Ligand code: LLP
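Encoded as structure tokens, the following chain is the form predicted on its own, with no partner shown.
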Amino acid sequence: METFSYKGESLFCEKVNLDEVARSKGTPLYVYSYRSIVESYDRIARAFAQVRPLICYSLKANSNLSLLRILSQRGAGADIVSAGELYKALRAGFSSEKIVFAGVGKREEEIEYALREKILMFNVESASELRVIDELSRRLNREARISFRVNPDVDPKTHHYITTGKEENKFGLDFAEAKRLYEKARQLRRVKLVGIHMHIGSQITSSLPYLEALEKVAGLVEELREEGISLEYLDIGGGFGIGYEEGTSSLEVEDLARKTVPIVQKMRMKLILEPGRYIIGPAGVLVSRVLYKKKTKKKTFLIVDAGMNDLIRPSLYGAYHRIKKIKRPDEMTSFEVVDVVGPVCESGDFFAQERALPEIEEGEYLAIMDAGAYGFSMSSSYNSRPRAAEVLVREDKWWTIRERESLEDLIKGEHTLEEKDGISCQLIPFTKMEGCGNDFIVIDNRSNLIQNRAEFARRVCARRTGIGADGLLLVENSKEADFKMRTFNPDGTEPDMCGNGARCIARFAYLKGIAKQNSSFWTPSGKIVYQVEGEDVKIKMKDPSDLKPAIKLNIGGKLYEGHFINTGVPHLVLFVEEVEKAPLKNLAPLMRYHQLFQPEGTNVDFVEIERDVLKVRTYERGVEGETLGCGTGAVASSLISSLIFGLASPVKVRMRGGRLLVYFQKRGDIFTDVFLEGKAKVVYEGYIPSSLMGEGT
């Protein structure tokens, strides 16, 4: 069934009017059909059902997470060529045991990442790559499952930029070199030979090149068997072509299966396919609006708001894409020959040249067809043009699956230099975050740009003369974990731990791509394990220490009873009837500096138990005042409340800045497996001129 078709006066995607989507989301805009993706995937699966192939979708074609999720839920595997694609594949739910890693230039850190994730196999392309994989697998004590990509020297008769299986191409190994490396690899202790791989090119619409290449590879497999090398997987790559032009056809996958399945069965190997374009290409269109109609002596130009930065295939390959009006042309509409061009300052910025199209007026919407593959994935912000939004349609509903980039997004991650007194100074990017009302300035300091950290903290945390915050959080390098967290109070002191700060820095590291969704970081109090789910962050706290219940303090001739515990930093917990009436402002500073807690002092928590909820107010040392929330204080209050009043895990904590949950295991007065959970939010982002932050920063 045609996914994109006219209904009434407009072009529809499934049951959604593209005119309405374009007016709602603006243009340029990518629109994808759920049904088209599923039907194309299922068609391949049915065609090759006899051999039950592993269909590894090629992420390079389009790696939007929502689209990947559709395929991972369908049972697909993933064909990747970078650490970024591995990261996205895992985020989208692909099993690591269904991921194959191809590409001629895998970096060491990419190979290490894939080894740690235990992917199905690497498609190895050179002797040097084999050496690096062997070294890393031995150092990490991980098994490296590999196949070799062979070059069968077959011409698929496609564009010379997208042929990959000829002798002059950079991809793969000739058969003699492949045999030599198979023999070498079988001697390596941590390397396991599991397959053989070929990929002869892209946009192939005939079965014959596959058949020719496969017969050659089958002969090599038989030679390897005679040498005692038996392989489990046969990966014949992808490159399945689609019919971009009117009257042209896509690859008949049923014909390909009829011709190749008997060979695969004879080889007695598990088949892997790597389609990308075939699945996602026809599923997407690029919707654009006509800005101007310009007539010269020789040509008529339709200038649209999409450009070569949005869809580069016509400019790069001379590729053909059908172009349709969103508004259905009536039978009386006349045709005119036009060039459809974009606003980018390049003569190569076009989508069609000398194309006969129904007469089109300024302000109309056009759909550039079959743009789902190598459209957004090859897009850029050339000419400082924000990249397009993406929308997914399923039946009569549609969802935004990628927001349009903003102008601010164009400078994200950039560092500018300012001139101050003739000296260049760097602008330091920061993120203001808050967790349960605790606000922090968070900075990636892995380059050690900020050296005088205490002075820097005093300046930027100042509420009136700086940015203002309860603390400064720095991400720094660590040998023990993914990164190190350093925390500085507004007075420049450095505590060992901050619970809400830890939750904020975990989400910051995840959002910035510094660490994964589930990982760990190092603090002076020890390693912290965390899990990020949206704005919710859960961290595993250090097991508490120095428990001293029922401490008596004589202050001004009056006795007070408190309970001391160290939850990464010291806390004194006092129970009161009404926490809002607690004498925090006057009493807490005296307790903070009490001789019992010298020389470090202590934080002070006033706690009211209201049914099964703790209401907590905290005076924090270093801040030297009350904060709206305190993570280690919430933990301290919860554990002491469990010890004194028997509260069970999880304990609900309400502070002035928000709510937290505290989980723990308890045996007698011993607490283990302590977790803190709550929101960690980004407030805003900005830049700090390093020249204004004091000498040494």
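Counting begins at 1, following the sequence as shown. The model shown is predicted, which means the values in this text are computed figures rather than measured ones.
Just so it is clear, the following notes concern the form predicted together with the named molecule, a form of the same protein that is not shown.
Trainee: Since the chain is shown here on its own, which stretch among 24-32, 53-61, 626-634, 642-650 would lie within 4.5 Å of the named molecule in the predicted complex, judged by heavy atoms?
Mentor: It is the stretch 53-61.
Trainee: Please run the contact check for A502 against the named molecule in the predicted complex: heavy atoms, 4.5 angstroms, yes or no?
Mentor: No.
Trainee: Since only the chain is shown here, I'm wondering whether E620 would be in contact with the named molecule in the predicted complex (any heavy atom pair within 4.5 Å).
Mentor: Looking in the predicted complex, residue contacts with the named molecule do not include E620, since no heavy atom lies within 4.5 Å.
Trainee: Give a yes or no for I528: in the predicted complex, does one of its heavy atoms lie within 4.5 Å of a heavy atom belonging to the named molecule?
Mentor: Because no heavy atom of I528 falls inside 4.5 Å of the named molecule in the predicted complex, the answer is no.
Trainee: I'd like to know whether D605 contacts the named molecule in the predicted complex, with contact meaning heavy atoms within 4.5 angstroms.
Mentor: So D605 does not count as contacting the named molecule.
Trainee: Could you tell me which one of V391, V537, A102, L572 places a heavy atom within 4.5 Å of the named molecule in the predicted complex?
Mentor: By the 4.5 Å heavy-atom cutoff, the listed residue in contact is A102.
Trainee: Only one of G77, G471, P282, G238 gets a heavy atom within 4.5 Å of the named molecule in the predicted complex. Which one?
Mentor: Looking at G77, G471, P282, G238 one by one, just G238 meets the 4.5 Å heavy-atom criterion.
Trainee: Just to make sure I understand: among 180-216, which residues lie within 4.5 Å of the named molecule in the predicted complex, judging by heavy atoms?
Mentor: Stretch hits, in order: H197, H199, S202, Q203.
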